Each structure stands twice: as structure tokens, then as C-alpha cells.
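Here's a solo chain for you in C-alpha cells, the form predicted alone.
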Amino acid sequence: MIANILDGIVLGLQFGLLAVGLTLVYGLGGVLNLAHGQMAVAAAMVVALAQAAGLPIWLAAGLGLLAGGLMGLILDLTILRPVYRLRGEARVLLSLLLTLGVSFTVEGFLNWRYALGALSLRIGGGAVEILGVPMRRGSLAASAITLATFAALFLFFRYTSLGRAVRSVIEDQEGARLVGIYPHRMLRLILVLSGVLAALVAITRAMVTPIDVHSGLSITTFALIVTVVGGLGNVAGALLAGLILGIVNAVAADLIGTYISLIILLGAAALTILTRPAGLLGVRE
């Protein structure tokens, strides 16, 4: 059981970071990005191709992060332009349809061009014992990177003027506009950041298990579930929900199987919507 919990924590940290980009984009601009998982997979393929070309891992990873951020910027400058002209449910629905189309397009291209492509990053060295359980160094490295990223995000949103500007737009878009903050610029920043975070999750996940061109749908699904449970626009909520759902998923997968564990996660999301629509750490209206 301890081994399952530790595996769940490793997975949950990545779940949480995966949801941060999605939840901030939705909380900031009412845009539901269903291409989030495909952005992660595409960035992973960039890293894999860079490695195959002989580049050192640190440079290949940097190119992957750059590719993720660039995809977020391209979305903002192209497909999401008509979405920004709408308000309310119309904006959400149009963003859902357009980004779903982007997801299908990216997945189709990757399956056509790199059908057997996958990213796997092996961290050398023997296992490290944690609470009597041998843990792979890749899992520990991925968790350390994820925790450092969460710490950087907390500091950014709490102590920098740019981070506070983003938070003000999430809390009151019209009020932020009145004091000279441009919501569209903040949304562009967060879309780029979400692409970088998606790429980072793909890279850290590849330290634990391979990421292939078919992983996009599951990545998006997990991100949506954690976003719903954690609360929109809430980084701490994404971390908490990711940890809880990661542990639940790992334990359930070991006891009753992977497919049933996914049903349990979907049930948790549905229960959250019914009992606390704002999420675990969201603010009730």
C-alpha cells in the first residue's frame, strides 16, 4: 500500500501541474483548451526528435519547452481570435469545438508522421529507498522538478506585479481593465505558460513512463478531471486535487484495474460538480 501511495504522489504532482495551465486559461478567459494534451505530446515528440538528432538532453528539453510555449502563442494568435469576440457560454462552446479540432489535427499528423514515436528519458543510477520502498531515480527527479515548478508558480502569482495582474483579471476582469490591465495580454501570457507547463509535464512524465503519440487524450482527460475537482483558476487547488486523485488512481488501479480507476476519477469529478461546483479550494459564489 505504501508503494501505491508513493506512486500516487508522483503521479498526482504531475496531474496537478498538468491541470494548472488548463485551469488558469479557463479561469482567466473562459477558454476550454481541449488541445492541452496534444500540446504536451507534440512537445514530447520535439524532444524525442532533438535527442535522435544528437542534441544533449538539456538542449532537447529546452526545445520542447519552447515548442510548447510557441503552440500556446499560435493558438492565441489564430484559432482563438473569433473566440475572444464572444462572451459567456458561447465563448466556452466555441473554444471547446475549435480546440477539439486542433487536437484531432495534431493527433492525426503525429500518427501519420511519427506513428511509432515516443519519448522515454532514463535517469541512471540505482533505486533509492523511501519509507522502505525502492523508488526509481526518474520518479524522484520528476517529482523534484514538479515541486520546484509549483513553488515558482506560487511565488510568481503572489509576489510579482505580473502575477498579481493575472490574478486580478481572474477575480474581476472589468475591474482589472479599469485600472489599466489588458485581459487579452494576460490571457496570451497564460496560454504561452500553459504550453510550457504541458511540455514540462510530458518531459517529467517521460522520466517515469514513455510518452507516445497516442497519449494526448488521456492527458487532456486527467487535466480536465483535476481542473474540475481543484477549482478554476486556483494553482493550490490543482496541486491538492492532483495529489488526492493521483493517490486514488494508483491505489484503485492496483486493486481493481486501470479502467475502473478512471471511472472512479470521473465519478469524483461529477460528485464535485454536484456538491461543490467551485472545486475544493474555489470560492463559492
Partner chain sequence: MALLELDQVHKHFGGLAAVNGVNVRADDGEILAIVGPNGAGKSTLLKLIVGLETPTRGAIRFAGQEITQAPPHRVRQMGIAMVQQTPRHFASMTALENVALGALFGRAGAHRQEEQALELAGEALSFVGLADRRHDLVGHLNLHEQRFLELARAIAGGPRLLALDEVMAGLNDTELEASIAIIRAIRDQFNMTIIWVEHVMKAVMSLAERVVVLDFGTILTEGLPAEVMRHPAVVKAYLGQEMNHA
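Model, not experiment: these values are computed from the prediction. Positions refer to the first chain, counted from 1.
Just so you know, the form predicted in complex with the partner chain exists too; it's not on screen, but the next bit is about it.
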{"item": "Touches the partner chain in the predicted bound form: R81 (any heavy atom, 4.5 Å)", "value": "no"}
{"item": "Contact label in the predicted bound form: R177 to the partner chain, heavy atom within 4.5 Å", "value": "yes"}
{"item": "4.5 Å heavy atom contact, R167 and the partner chain in the predicted bound form", "value": "yes"}
{"item": "E129 within 4.5 Å of the partner chain in the predicted bound form, heavy atoms", "value": "no"}
{"item": "Candidate stretches 207-215, 159-167, 143-151, 190-198, one within 4.5 Å of the partner chain in the predicted bound form by heavy atom", "value": "159-167"}
{"item": "The single option of L119, M186, L110, V102 touching the partner chain in the predicted bound form, heavy atom within 4.5 Å", "value": "M186"}
{"item": "Answer option from I181, M135, L73, L94, heavy atom within 4.5 Å of the partner chain in the predicted bound form", "value": "I181"}
